[in-house]
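Before any questions on how it binds or moves, here is one chain, the form predicted on its own, in structure tokens.
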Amino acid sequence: MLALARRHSTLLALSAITVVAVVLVRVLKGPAAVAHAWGGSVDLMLGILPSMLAGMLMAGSLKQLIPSGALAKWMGAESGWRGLVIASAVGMASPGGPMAAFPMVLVLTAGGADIGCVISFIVSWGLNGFNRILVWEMPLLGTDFALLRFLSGLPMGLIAGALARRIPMTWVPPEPKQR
């Protein structure tokens, strides 16, 4: 039972918070507010579900195409700065939101990328994703601002990856269930 609770601790914690929130909404705002919240939650879930499924299918497909350890030469612990640059470039070029990026993290680790390259990927995706710059920043904030923000954020993926390699921490991604 303890192993099950540990494995699903996030689900259990979110469920407990949800129950408390629903009770508070019911007491403070009434049953109509609970129904309204439920409708909003269903709409949000239906909006996110296609991206989540696509991200998971992409990750599963890439994991089948990239043999275990194949990326070690390019993004492994011995890749040095070259690995961080490659991981940062891949992060910047990766389209989509977290539903695509975080499954890619699992693909990178299964392919042999080390923690520094994984951190470089995530930081570069979050700060300097080309998709975000082209679709949101340039049209809304202007080319000059978008370019200045991009250039000032450019070294952050490399810095974060180099720092992550120096922190004495081991991270092992969760193993998927075997079928």
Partner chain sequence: MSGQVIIILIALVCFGLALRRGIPTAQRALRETKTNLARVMPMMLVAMPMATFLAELIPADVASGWLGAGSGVGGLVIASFAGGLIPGGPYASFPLVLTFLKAGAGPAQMVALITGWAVLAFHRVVMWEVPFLGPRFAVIRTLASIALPLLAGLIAMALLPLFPSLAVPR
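Take the two forms, superpose them, and find the largest set of C-alpha atoms that agree within 1.5 Å; that set is the rigid core. Positions refer to the first chain, counted from 1. Computed from a predicted model, the values in this text were never measured in an experiment.
The same protein also exists as the form predicted together with the partner chain; that form is not shown, yet it is the one meant from here on.
With a 4.5 Å cutoff on heavy atoms, A70 does not count as touching the partner chain in the predicted bound form; it lies far away. By the criterion of a heavy atom within 4.5 Å, A89 is excluded from the residues contacting the partner chain in the predicted bound form.
In the predicted bound form, A110 stays away from the partner chain, with no heavy atom inside 4.5 Å. Within 4.5 Å of any heavy atom of the partner chain in the predicted bound form lies no heavy atom of W74. With contact defined as any non-hydrogen atom lying within 4.5 angstroms of the partner chain in the predicted bound form, the contacting residues in 16-45 are I17, T18, A21, V22, L24, V25, L28, K29, A33, V34, H36, A37, W38, G40, S41, L44, M45, given in sequence order.
L134: CA moves less than 2 Å between the shown form and the other one after rigid-core fitting. A displacement of less than 2 angstroms separates the C-alpha positions of L163 between the shown form and the other one, with the rigid core held in common.
With a change of no less than 3 Å, the CA-CA distance between P103 and M45 is larger in the predicted bound form than in the form shown. Between G60 and F130, the Cα distance is smaller in the predicted bound form than in this structure, by no less than 3 angstroms.
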